[in-house]
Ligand SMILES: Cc1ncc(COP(=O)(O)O)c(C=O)c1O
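Taking the form predicted on its own, here's one chain by itself in structure tokens.
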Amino acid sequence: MINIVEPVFSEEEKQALVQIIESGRITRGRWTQTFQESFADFVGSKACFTVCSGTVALFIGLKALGVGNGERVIVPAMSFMATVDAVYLAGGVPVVVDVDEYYTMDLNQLEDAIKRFSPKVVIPVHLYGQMCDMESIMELSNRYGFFVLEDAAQAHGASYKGKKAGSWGHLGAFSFYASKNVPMGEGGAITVNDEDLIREVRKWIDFGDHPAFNVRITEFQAAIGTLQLKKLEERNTKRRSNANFYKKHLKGLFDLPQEREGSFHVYHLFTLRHPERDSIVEFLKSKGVDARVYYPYLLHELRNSDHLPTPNADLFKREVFSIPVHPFLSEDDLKTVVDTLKEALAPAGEGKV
């Protein structure tokens, strides 16, 4: 099977874990501090707080921004369910808007929703590894006075106009789940630039005079994350190379992912569209090529949220599927994926790479 996700760890990670065991300091140690400092520096933020998951990062981000009394929070129709779940858990009320051709928040509809619902927070989701038009979103934030919490769970190292995901908004939320471009197994982080918000985030994760949660990661996770982060840029370059191979050989056969001008897409997922999606996915799996649908639902369908019309997302939900693009694919793997996709469209197997 050519897997859609394949985290790879080296002897370096193994030795780090052994050293942690031998040290007896398995939480709140130097690895956690090192990762927080390294990730903040990488993103370009003043501070980074590690937490146990991307969902918790979103939740604490929302609480730090004052969500909790039914305030409106705008989210895009396409994302993993944690984006909308975090809003409910924080005590907010989600409003769902459509996505554009890049699978990111539709800006025209966003402004309409802002005027109608006066949100406390907007959560742009950098889906599949491509950033939203953050310059325009921050302009809207300045004009209408809402906070921006970037959902950068799938966008480690992605950038827009030279600034990395997690550094544009008032806060950024990341996930380090096993499938992510920086995998820890489980884990998340909140990136912050504003001193007042740094204090607000800290209230929710440091015990003291404010009710808080124990949402820490372990030294084991932090060590893996630190060492994986060092390899991220090289691996993102390989992801982009794999994506370009697919674009070259699948052009005209599928609706291929587009890159927004000024965007550095890190291809957490390589997502295609085709009207015969379901049969193609079934065929690929039968031939040993992992293919999955991200996502077979829209966020307002999951939680019965207020929403504007979502014609783009309605279409994409029926047609999107993802194929392996991770950095450990060989050239033969890439050719096999392409050939199998072509075979799915033309069972005689015409036009192999």
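Every value quoted in this text rests on a predicted model; they were computed, and no experiment measured them. So that there is no doubt, residue numbering starts at 1 and follows the sequence shown.
Keep in mind that the form predicted in complex with the named molecule is not shown, yet the notes after this line are about it.
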So, residue 187 and the named molecule: in the predicted bound form, are they within 4.5 Å at any heavy atom pair? yes
Mark residue 312 yes when one of its heavy atoms lies within 4.5 Å of a heavy atom of the named molecule in the predicted bound form, and no otherwise. no
Contact flag, residue 180 vs the named molecule in the predicted bound form, heavy atom cut 4.5 Å: yes
Contact of residue 82 with the named molecule in the predicted bound form (heavy atom, 4.5 Å): yes
Between 53, 38, 305, 322, only one gets a heavy atom within 4.5 angstroms of the named molecule in the predicted bound form; which residue is that? 53
If the cut-off is 4.5 angstroms on heavy atoms, which of these, 228, 104, 221, 154, is the one near the named molecule in the predicted bound form? 154
Which is the contacting stretch out of 104-112, 279-287, 72-80, 239-247, given heavy atoms within 4.5 Å of the named molecule in the predicted bound form? 72-80
Please state whether all three residues 58, 125 and 295 have a non-hydrogen atom within 4.5 angstroms of the named molecule in the predicted bound form. yes
